[in-house]
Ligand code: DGL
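In the form predicted on its own, a lone chain appears below as structure tokens.
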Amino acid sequence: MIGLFDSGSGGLTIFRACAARLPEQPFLYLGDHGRAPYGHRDNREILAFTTEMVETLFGQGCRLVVLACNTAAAVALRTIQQDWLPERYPDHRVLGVLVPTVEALSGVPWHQTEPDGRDDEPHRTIALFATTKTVEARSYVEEVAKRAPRTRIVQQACPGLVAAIEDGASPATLSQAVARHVDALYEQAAPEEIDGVVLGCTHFPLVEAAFRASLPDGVPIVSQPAIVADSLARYLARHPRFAETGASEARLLTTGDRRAADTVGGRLAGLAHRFEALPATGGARQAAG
């Protein structure tokens, strides 16, 4: 079973794409709704919470976990992979949404940390909408620049948008919030300069229609869920020991109110699956009050 983790409901966009791409693979989704959102927290909290939730998924039988959360991936993934896993779970693996997205934007494999030497690469400007913490980490800016220096990443933090999505704000309220963030981005790059858009928070595809309505006509939006699902399929082909087939089981766990999680998942992600309540750890109980 493969685990998918997000701070809340945003990773459902990744879950949905992965389940469609790998219909015979069982998945276990864990949303830390009791402590969501993560975008305003300090790095130590994000690392501690992410590590705790990954370990919870390991305890549920997952040997491979995907951080379906850009904030967690930008802040915690490198430390988890390089320091925590080798010491605690050397036979397990943790992947994230950042790596395949950088590969898609740069056209260069992650292991290659320099440009491929081509002189015909065009100059491009890509708009990245993300949480404040993902923007502060600058992971997309720096990693794309290493591999594709002619691709400029313009970042726009969207504080409050994740919370509004999780809280079930009305479509009109969400559209107004998205429009404000798009207008703020135009202070850094004119609409005609933008060659593509990345919704660099897995919550944001849940309101992709609002982004499309506010962005210039014809500007492509990179589909992070599809990119991550394809990347996971390729990873399992290279590492079949982490794959299981024949039982398309899918379970959803939450550290918060399962009924509230069901509401968001059904209304915005169109999921028929129901969340199960995960018994809260000490940290989750304290955060949830």
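Just so it is clear, the structure is predicted and the values come from calculations on it, not from any experiment. From 1 onward, residues are counted along the sequence shown.
The form predicted in complex with this ligand is left out here; the points below concern that form.
* If you check in the predicted bound form, is residue 49 within 4.5 Å of this ligand, heavy atoms only? -> Contact with this ligand, no.
* Asked: Hey, in the predicted bound form, does residue 38 get a heavy atom within 4.5 angstroms of this ligand?
  -> Yes, residue 38 lies within 4.5 Å of this ligand in the predicted bound form.
* To do: Look at the stretches 177-185, 215-223, 144-152, 67-75 and give the one with heavy atoms within 4.5 Å of this ligand in the predicted bound form.
  => Stretch 67-75 is the one.
* To do: Let me know which residues along 1-35 have a heavy atom within 4.5 Å of this ligand in the predicted bound form, or say none if there are none.
  => The stretch 1-35, when checked against this ligand in the predicted bound form, contributes 6, 7, 10 at the 4.5 Å heavy-atom cut-off.
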